[in-house]
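As structure tokens, one chain now follows by itself in the form predicted on its own.
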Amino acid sequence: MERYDIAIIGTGPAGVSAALTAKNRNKRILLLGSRQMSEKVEKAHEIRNYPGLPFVKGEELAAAFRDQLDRMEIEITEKRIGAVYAMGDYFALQAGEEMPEAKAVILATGVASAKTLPGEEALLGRGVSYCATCDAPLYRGRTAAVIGYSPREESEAAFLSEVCSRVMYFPMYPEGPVLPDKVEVIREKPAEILKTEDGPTVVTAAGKYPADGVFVLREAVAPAQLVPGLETDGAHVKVNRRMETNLPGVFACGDITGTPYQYVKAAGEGNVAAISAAAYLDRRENRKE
């Protein structure tokens, strides 16, 4: 398995900034996220305080990010990360059926805006998952329920329909959705995920929907659920001025570290996180000599 120097999770201003800086430091990086960049950036009407780009629209800023990454020959790997595991002197990232490795990790995933559903955290790993492509093989020929918080999650529901005998999709947004006929769209808002003898059940005001597995798909996963052992303060990761977390080799930047939720603040933190990650790796290498 190929082992990178730094894995960067997220393609908003923090993740893009971290990737550019890490590439300038001659580190082998794995940038994971969407080529559409952050949905928050893409939908911004106008950004007035980003230096050098006055009154820039969100879609224009996202396009500028993509162009700069392309010119720097930084590829975006469009994989959803289900978990990050510390393996001693490296980290393993659960990305679908693959498990890429990195010596250091930078979390730039943004902040999870939606509250977890009652029963969600208790059933995580016991019938509830945050990554369809990661855990789909476990539910081959079985019933899956997908709670999708944006249209971007529809591709994972479509993928599940190729594996599962039945897929129920609960869209948490007004648009669409556009899905294969095999996917049953249920326009009811889930209120909780209930543990039953037959497996997890999605409960709405109108009824109960039993499934073998429930996939809760949001743009950002709560950091403590993404990285076991990570110290958090509510929905945010605790970091110092060097963007270091309590876990050696794990750094965080952008909205995930707390307010203010500003693009320019996120980009600055991404720069600091990459510099700190590069220094961490250099210190490791020097100790080996």
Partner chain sequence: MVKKINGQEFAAEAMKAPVAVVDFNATWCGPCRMLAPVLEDISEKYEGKVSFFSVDVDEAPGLAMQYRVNSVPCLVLLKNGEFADQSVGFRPEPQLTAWIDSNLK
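Residue numbers count along the first chain shown, from 1. Because the structure is predicted, anything quoted here is derived from the model rather than measured. Throughout, rigid core stands for the largest set of C-alpha atoms superposing within 1.5 Å between the two forms.
Absent from the display: the form predicted in complex with its partner chain. The rest refers to it.
Trainee: Which residue, Met72, Met99, Val185, Ala122, is the contact with its partner chain in the predicted bound form, using a 4.5 Å heavy atom cutoff?
Mentor: Comparing distances to its partner chain in the predicted bound form, the residue within 4.5 Å is Met99.
Trainee: Quick one: of Arg126, Arg166, Lys208, Arg152, which gets a non-hydrogen atom within 4.5 angstroms of its partner chain in the predicted bound form?
Mentor: Going through each option in turn, the one that passes is Arg126.
Trainee: Taking 4.5 angstroms as the heavy atom distance cut-off, pick the stretch from 221 to 229, 252 to 260, 236 to 244, 42 to 50 that is near its partner chain in the predicted bound form.
Mentor: The contacting stretch is 221 to 229.
Trainee: Please determine whether Tyr139 contacts its partner chain in the predicted bound form, using a 4.5 Å cut-off between heavy atoms.
Mentor: Contact check for Tyr139: yes, within 4.5 Å of its partner chain in the predicted bound form.
Trainee: In the predicted bound form, does Cys134 have a heavy atom within 4.5 Å of its partner chain?
Mentor: Contact with its partner chain, yes.
Trainee: Answer with yes or no whether Met87 is in contact with its partner chain in the predicted bound form, where contact means some heavy atom within 4.5 Å.
Mentor: Contact check for Met87: yes, within 4.5 Å of its partner chain in the predicted bound form.
Trainee: Just checking whether Leu179 would be counted as a contact of its partner chain in the predicted bound form - the rule being heavy atoms within 4.5 angstroms.
Mentor: No, no contact at 4.5 Å.
Trainee: Superpose the two forms on their rigid core, then report whether the C-alpha of Asp198 is displaced by 2 angstroms or more between the shown form and the other one.
Mentor: The answer is yes, as the C-alpha of Asp198 shifts between the shown form and the other one by 2 Å or more after core alignment.
Trainee: Given a superposition on the rigid core, I'd like a yes or no on whether Pro137 shifts its C-alpha by 2 Å or more between the shown form and the other one.
Mentor: Moves: yes, 2 Å or greater.
Trainee: Once you compare with this form, do the C-alpha atoms of Gly234 and Ala122 lie closer or farther in the predicted bound form, given a change of 3 Å or more?
Mentor: It is closer: in the predicted bound form, the C-alpha atoms of Gly234 and Ala122 lie at least 3 Å nearer than they do here.
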